[in-house]
Every structure is written in C-alpha cells, then in structure tokens.
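Next up: just one chain, as structure tokens, the form predicted alone.
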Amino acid sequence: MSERKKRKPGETREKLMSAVLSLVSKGRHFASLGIREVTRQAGVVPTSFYRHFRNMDDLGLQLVDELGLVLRRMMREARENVFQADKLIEESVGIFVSHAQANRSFFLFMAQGLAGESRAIQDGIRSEMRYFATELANDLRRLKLADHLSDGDLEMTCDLVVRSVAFSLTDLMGISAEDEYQVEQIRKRTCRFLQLIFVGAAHWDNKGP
C-alpha cells in the first residue's frame, strides 16, 4: 500500500511542518535545514515533500501563516482580558510572554526568520507584524488612548511597539524557558521599553520637524 493511501489527507503536510518546528526547537536554524533532514525527522520519504511544498521557503511561508494564527489568538486573549488602560502594557506583555513560552518553537522560528536569509519568509513575518501594529492602532483609538496623535504618528508609535516586542522576543528565545528570573527580567524590561514609547507619544508634537 502506498504512503499516500496509508496517510490521511494533510497528515504528511502536518508531519513535515511539525518536523521543522521540532528541529528548530532543538537548536537548528531554519535556513540550514534541508529537505532530506526534514523528511527524515518527519518519518516520510523525501519524494513526498514535493506533494505538499515546492521548496523549503514554501514550507516556511506555511509556518508563517500558522504563526499568524498564534499571534491572532494572543491578540484576542489580550482584548478579552485587558480592560483597564493603566494596566494595558503590563498585562499585554504578560500575555505575550505566556504565549511565547507556550508556543516556543513558533516564536523561535519567527526570531530566526526575521534575521534569516530568506527574503520571502522575512517579508511574510513582517507582514504579520504590520497587521499586528494596525490592530494595535485600532485598539488604541477604541480605548481613546491616542486621540492627540495623527494617523501617521499613531502608525509609527505602534510600529515601534511591535519592533520592541520583537526585539525582546530574541532575548526571550535566547534563555531557558525554565529560567524564571531571566524571563521576569525580560518581561519587566519590555514593559519599560513600551512605557517609554508611550510617554514619548503622549508628549509628541506633530508640528515639529
């Protein structure tokens, strides 16, 4: 019986994507992975790879789509649980850290992809970051926390927020998930980064140079 008949539709595809995340979580860099290594990890024959993906970049872009779903779940949780404006930063960063720890392989892939060699994957991740920044801007408008900012200045503020969080992500992925002290230090530092951004935004004079 052929592999295609043995496996349910989509099963091999999921095995290949999970294999990449497993290898990344073990310290391998996505850019260094080859098809044979991935199929070996997945327990499938190399030829089956091409039934689902054109190449490794194509697989990587599918992982970016999955990452987008993780980010949207994180955003939804923040919207459902953060009600007080004065706790917006602290509670949102706490949710971010929690999701990054719970989905460590995805966020490792994100950190690698932002600094990796694949332009397609970089662009895909940055597109997700832009979406995140746009949604953040909409939330700030809804909460009436940025009424004094023009649309362009609010967009820049949210871009700075997302970039700062992404920078903190690289720090978070560089330590053990069990190192509670370092995780807490990164959480506090990220909160301070964002507080400084919003203090600056609150005093921003868009009539300046």
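Residue positions are given as counts along the sequence shown, with the first one as 1. Just so you know, these numbers come straight off a predicted model, no measurement behind them.
In what follows, reference is made to the form predicted together with a further copy of the same chain, a form of this protein that is not presented.
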Is there a heavy atom of Gly174 no more than 4.5 Å from a heavy atom of a further copy of the same chain in the predicted complex? yes
I'd like to check something about Glu184: if you look in the predicted complex, is any of its heavy atoms closer than or equal to 4.5 Å to a heavy atom of a further copy of the same chain? no
Do Ser18 and a further copy of the same chain share at least one heavy atom pair within 4.5 Å in the predicted complex? no
In the predicted complex, does Asp57 come within 4.5 Å of a further copy of the same chain, counting heavy atoms only? no
Look at the stretches 155-163, 62-70, 38-46, 138-146 and give the one with heavy atoms within 4.5 Å of a further copy of the same chain in the predicted complex. 155-163
Near a further copy of the same chain in the predicted complex, with a heavy atom at 4.5 Å or closer, the residues from 21-51 are Gly27, Arg28, His29, Ala31, Ser32
